[in-house]
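In structure tokens, the next block holds one chain alone, the form predicted on its own.
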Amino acid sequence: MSVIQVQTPGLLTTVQDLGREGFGPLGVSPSGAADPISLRIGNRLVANPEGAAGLEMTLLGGTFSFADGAILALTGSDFGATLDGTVVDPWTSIEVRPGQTLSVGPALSGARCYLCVHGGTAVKPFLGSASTHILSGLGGFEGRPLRKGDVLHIGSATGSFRERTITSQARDRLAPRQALRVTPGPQSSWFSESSLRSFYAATYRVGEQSNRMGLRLEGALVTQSPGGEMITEGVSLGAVQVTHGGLPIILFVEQQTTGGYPKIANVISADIHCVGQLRPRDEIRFEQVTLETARSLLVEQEKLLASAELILE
């Protein structure tokens, strides 16, 4: 079985697939790729099922050697990767010869880069998923980010190399947005009209304390109308909570499954991958859409991802 040898792990590199859905009632959030669109496309470029496990690198990539060679693709943000000193184009499959080394540098844009290999990254599933849940230390490779000296097994490869790349039109349509589209949250009526106008007019900065659990935002305070405390209830991926101090938090892939802060909005499914590419000090704003528009945007996105026009061979 072929392996990936970790020479340097980067800042935060973990094994991720598309997450473990359905365990929220047990207190287990889905985890999974912060930018699932990039992981899905990366897997298609190397002829894997879309949900195969890959490596998610955050802000600074690692160095990996392939003693037996591999077929791989890098997707997501551009981290200035090289293969034995030769520049590697993102969003394109490449063949790595035995003994070659892939070096992935700091992010040139965005926050996360994905390394997908033909055959997938083989780890023992936890609750049906290979994803690392960092906060609980479950799943992935020993439940943790990668370290120097780790050896990861690559799943069985069944095909020969074919160069594939994503079309420029698809990349443009799937590019991360700074204006996150949201639907009204279940407690949006708790906020006055002036507070709602302020929220949607404001520009927020992603705080330094942000992580895969949630993105803390800095900017205009949002005040809720006078009233009692809410009862803790279930929360969803992309929910925008407003703390007692008036600052929003976007709940993300390792979110707590319940919460007691009012939710003013919820990032739509079609824009979740955009949240995954935000890094500290990035500026964003919110744009309200209807539920019908949110559904239409997701259907349109899924049609593009399933389209034969997505990949060039």
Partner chain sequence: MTDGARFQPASDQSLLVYFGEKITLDSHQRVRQLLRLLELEPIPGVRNLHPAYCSLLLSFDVLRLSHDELEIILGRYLGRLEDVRLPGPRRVEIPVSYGGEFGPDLDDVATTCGITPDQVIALHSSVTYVAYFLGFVPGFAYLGELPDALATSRLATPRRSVPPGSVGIAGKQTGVYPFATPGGWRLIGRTPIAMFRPDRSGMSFVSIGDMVRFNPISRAQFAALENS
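Predicted model, so just to flag it, every value in this text is computed and none were measured. Numbering follows the first chain given and starts at 1.
Although it is not shown, the form predicted in complex with the partner chain is what the next lines describe.
- Looking at the partner chain in the predicted bound form, residues 178, 246 and 280 place no heavy atom within 4.5 Å of it.
- Though the partner is left out of this view, residue 49 does not reach within 4.5 Å of the partner chain in the predicted bound form, counting heavy atoms only.
- The closest heavy atom approach of residue 221 to the partner chain in the predicted bound form falls outside 4.5 Å.
- In the predicted bound form, no heavy atom of residue 70 sits within 4.5 Å of the partner chain.
- Interface membership of residue 11, defined by any non-hydrogen atom within 4.5 Å of the partner chain in the predicted bound form, is ruled out.
- Screening 113 to 121, 141 to 149, 235 to 243, 162 to 170 for residues having heavy atoms within 4.5 Å of the partner chain in the predicted bound form returns a single hit, 235 to 243.
- Taking a 4.5 Å heavy atom cutoff to the partner chain in the predicted bound form, the contact residue among 155, 207, 186, 80 is 186.
- Contact with the partner chain in the predicted bound form, judged by any heavy atom within 4.5 Å, is made by just one of 127, 202, 196, 88: 127.
- Looking at 244 to 268, the residues that come within 4.5 Å of the partner chain in the predicted bound form, counting any heavy atom, are 255, 256, 257, 258, 266, 268.
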